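Presented below, as structure tokens, is a lone chain in the form predicted alone.
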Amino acid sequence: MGGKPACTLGEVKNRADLIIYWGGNPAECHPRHFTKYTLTPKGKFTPNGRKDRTMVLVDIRETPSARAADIFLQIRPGRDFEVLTALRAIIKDQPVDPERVAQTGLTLDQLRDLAGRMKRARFGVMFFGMGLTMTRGKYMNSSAILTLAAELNAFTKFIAMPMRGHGNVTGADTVLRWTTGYPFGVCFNRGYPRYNPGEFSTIDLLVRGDVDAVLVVGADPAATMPQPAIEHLKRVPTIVLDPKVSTTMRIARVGILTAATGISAGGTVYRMDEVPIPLRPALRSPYPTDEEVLRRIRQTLAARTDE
């Protein structure tokens, strides 16, 4: 499970002629994405760079990324799953009800045009962001876009890749995948890993109030999660390991400052295309690394268990 990535951003730069951003705003959130990997770079099969590519943006509103798009499809909030399902039907020549498509904010002709472009592409890629994964449908939306990419491979080469929001999120997913077989939403309460997004995902557990203690390592959920999840973080003992005083650390019972990975602590980070990058510390830090703190906690718990 931890082998060579299915596709790297380097392959996208060299080969992709149809680029679709769904539920993301790379112009503001990933400002180097256009110029380094997708739109403007010249590659082996795209020698003219931007002129050899078509960019489609699918979102609920016109963001700054729309200015770079050749086609902007504005859908209604919470209708991603319906649009993806309709596209899957169209590429397989199945009938689609125009009235139901109209409820998504798009027309049947728009979806047919997009489906045709997908099937005719030499190499297509769909980058999907939190506008898809964290809205109504959540993991079902992710499943739908991944299934659409898989089904398009009956006609051409197509991939789907998430646009990560925070540093080394891909690393956490990759490690979980090669240790448990699952990328996220993993529960160990029965002594073995179980996978069920929507039940074992972090936000769902917090919103339902299923957890009575929280350990946060290198993340700031209180700055990004829904308010019900944040309120539960305030109610239960929350421990935070972070190189800075974050929003979550301010509401935590225990906050431990740690060395910044890649700056004051060595380690391996993963790009969003799952390419590992080893980092050596450039500066010294008076604080311990996350690994050191977690190891001490584990040793203390083991000693108390033996007693």
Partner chain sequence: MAVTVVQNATCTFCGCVCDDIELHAEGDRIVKAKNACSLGEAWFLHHTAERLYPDALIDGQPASLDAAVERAAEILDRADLPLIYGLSNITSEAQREAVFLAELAGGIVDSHTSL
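Just so it is clear, the structure is predicted and the values come from calculations on it, not from any experiment. Heads up, when I say rigid core I mean the largest set of C-alphas that superpose within 1.5 Å between the two forms. Numbering follows the first chain given and starts at 1.
In what follows, reference is made to the form predicted together with the partner chain, a form of this protein that is not presented.
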| item | value |
| --- | --- |
| Interface segment, criterion being heavy atoms within 4.5 Å of the partner chain in the predicted bound form, picked from 140 to 148, 209 to 217, 108 to 116, 70 to 78 | 209 to 217 |
| Three-residue site Trp178, Gly185 and Pro237 fully in contact with the partner chain in the predicted bound form at 4.5 Å by heavy atom | yes |
| Any non-hydrogen atom of Ser285 within 4.5 angstroms of the partner chain in the predicted bound form | yes |
| Residue contact check: Phe200 to the partner chain in the predicted bound form, 4.5 Å heavy atom | yes |
| Close approach of Lys36 to the partner chain in the predicted bound form, 4.5 Å, heavy atom | yes |
| Exercise: Pro47 in contact with the partner chain in the predicted bound form, heavy atom 4.5 Å | no |
| Sequence-ordered residues of 72 to 109 touching the partner chain in the predicted bound form, heavy atom within 4.5 Å | none |
| Displaced residue check between the shown form and the other one: Thr289, CA, 2 Å or over, core reference | yes |
| C-alpha of Gly181 moved at least 2 Å between the shown form and the other one on rigid core | yes |
| Core-aligned C-alpha movement of Gly266 between the shown form and the other one reaching 2 Å | yes |
| Distance direction in the predicted bound form for the C-alpha atoms of Arg280 and Lys36, relative to the displayed form (3 angstroms or more) | closer |
| Relative Cα spacing, Met163 and Arg208, in the predicted bound form - shift of 3 Å or more | farther |
